[in-house]
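First structure 1, then structure 2: two forms of the same chain, each alone, as structure tokens.
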Structure 1
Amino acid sequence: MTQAVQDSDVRADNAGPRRSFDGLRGNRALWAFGVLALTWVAAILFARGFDSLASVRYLVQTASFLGIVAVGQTLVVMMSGIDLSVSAVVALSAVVCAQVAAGSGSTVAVLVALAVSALVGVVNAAGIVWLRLPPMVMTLASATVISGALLIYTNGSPKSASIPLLDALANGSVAGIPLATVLWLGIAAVAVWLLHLSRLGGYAFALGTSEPASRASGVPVPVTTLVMYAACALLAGVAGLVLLGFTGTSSLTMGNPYQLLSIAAVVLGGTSILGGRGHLLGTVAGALLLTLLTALLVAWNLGEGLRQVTLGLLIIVLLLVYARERRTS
């Protein structure tokens, strides 16, 4: 009897570290940060220009634009959704802000741009919840409508604008850290609370795991969908404003790179594209990793076509891995 108790104690002692190891092994966000660190070391060793503080500052600054959009994308992907209108909303926000600023002042322009961006998210959610349209179809249709509307609104010639607040936000720094990065990390902190610590975030995870079961258990699907899609569109609008401050000009296509890249950052960060699994901090690592990989491929003089092929293949491999995990779990 005494020997049995001792054996049981030994098994219990071994189970703790084993569970901890399994937990670390299954933490995709941690893996994303690990891959980011290794890639950064490789970039310093095998390419020029990655070992200076100036290059680090520039990389985190440019990663901030993508990172803000990707945080919003994570909110909808986690609930098994997707938002293909983010690229159009980035352009919408910047173009509307530049147009309105010319006649009504910069403060009104910023507020109008953010309001219009959030409205797109509300319309997307309404189409998904009440018209029962698939998220991909609804948000793609929204993107098409926005692109056409912007073409009519600007006659194909969007304005430039110099708004001191946006210029400072995009190009300024505090203690050597770009303000755009500070804004991105602040937004990420709020999103971590929303997604991982609030009740609404729990509903989003539940919807991503199983929508029928969530509906049956009383999850408020309309409210959850509305908040997450509105937040996603609002963050795309914020990114558009920061880009307007960074470049000083707006264009109808300035958001195009962020449609696929925002999804790629989410996937690289370890969030399942099918929803219900992942951590928002992984998206922060994913945005940094994607920006670093792109800069590394540019440093190696790979053309635009080869860069897109490389990043596309990387995403496909990750999706296949996650799909295999989903089937075996």
Structure 2
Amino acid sequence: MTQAVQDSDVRADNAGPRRSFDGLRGNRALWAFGVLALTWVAAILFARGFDSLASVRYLVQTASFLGIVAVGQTLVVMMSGIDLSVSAVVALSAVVCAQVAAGSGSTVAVLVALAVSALVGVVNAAGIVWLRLPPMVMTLASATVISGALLIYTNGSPKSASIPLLDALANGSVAGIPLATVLWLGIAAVAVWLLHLSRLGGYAFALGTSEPASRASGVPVPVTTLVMYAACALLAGVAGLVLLGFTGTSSLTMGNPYQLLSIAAVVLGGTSILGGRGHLLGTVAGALLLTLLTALLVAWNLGEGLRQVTLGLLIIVLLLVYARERRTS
């Protein structure tokens, strides 16, 4: 896989300026960073309060919740899957952690929450691999089941919890950088290795490009699917814990925004929703971009409705600029 990428780079270099411009057009993750930089400059120039260090700090801190979920979503989308259960897992992890912490201490609670989250990913993968369910159906169904299970588990009223470890993780900072952001970037680094440098990542790309072809050439589909979906769910669980630390309470609907926004961040980051094309770092830019846009619209004092309309239109325009698919599949 890496070999093929290098080959195409070499070809692009050899073919003169025109080809390398095509190469730039093709590198949609770079586009995401470019658009992010432009938007940030525009925000500093045209809106108040985006030029201070504190605002940058707050922005990267709030972006990290979405960012962590979106990194996981990227792993799954790259193999042309999709995970609609991330919203439910965010809530699951926070609610379970808050509930368990009340009885058996915070360390146990964090571990249990993460284990339960990863388990959801394993179940998703099992349904997709062995029951042959389309990823959208399987993850949608598990999201529904989780939401129902949480209602029963909490009897409709989830607890709040103050867990020092999570509080520090969500609100603390190291050398001026919020810990949540450090965590996010650390996770992104590991995910870059998993997706772009490890053998398993190559399999995921191959699956995203063509499932029949990769099956035929011996890609271990079950293992790849299992690892990617488990990692995605685990990261949604981590995001839920950080959110729990940030707000101090858990709720059954706290994950809802992340279901579609995580997919939007992945796609804005230049990853093809059809799989097999893109770079994980693009998603980091995508999550930052979405958070920045939202903050910008809030700063302009638009009402909730206008804000959503503008966000929707902006997403469409940005996707038209650099995320169009060639007419394939």
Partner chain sequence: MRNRLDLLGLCALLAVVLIAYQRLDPTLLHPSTITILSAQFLPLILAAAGQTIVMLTGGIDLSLGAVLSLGMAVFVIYPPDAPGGVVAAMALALAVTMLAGAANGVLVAYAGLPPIIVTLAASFLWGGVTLIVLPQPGGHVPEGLVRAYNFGWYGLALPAVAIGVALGLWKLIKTTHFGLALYAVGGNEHGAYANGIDTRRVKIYAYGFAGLFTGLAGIGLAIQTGSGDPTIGVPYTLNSIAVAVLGGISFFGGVGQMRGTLLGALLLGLLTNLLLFTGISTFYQMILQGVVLIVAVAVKTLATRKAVA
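If you're wondering where the values come from, they're calculated on a predicted model, not measured in any experiment. Throughout, residue numbering runs from 1 along the sequence of structure 1. Under this definition, the rigid core comprises the largest set of C-alpha atoms superposing within 1.5 Å between the forms.
Source of structure 2: the form predicted in complex with its partner chain. Look at I316: with the core superposed, its C-alpha moves 4.3 Å between the two structures.
Note on E304: its Cα is shifted 2.3 Å between the two structures, core used for superposition.
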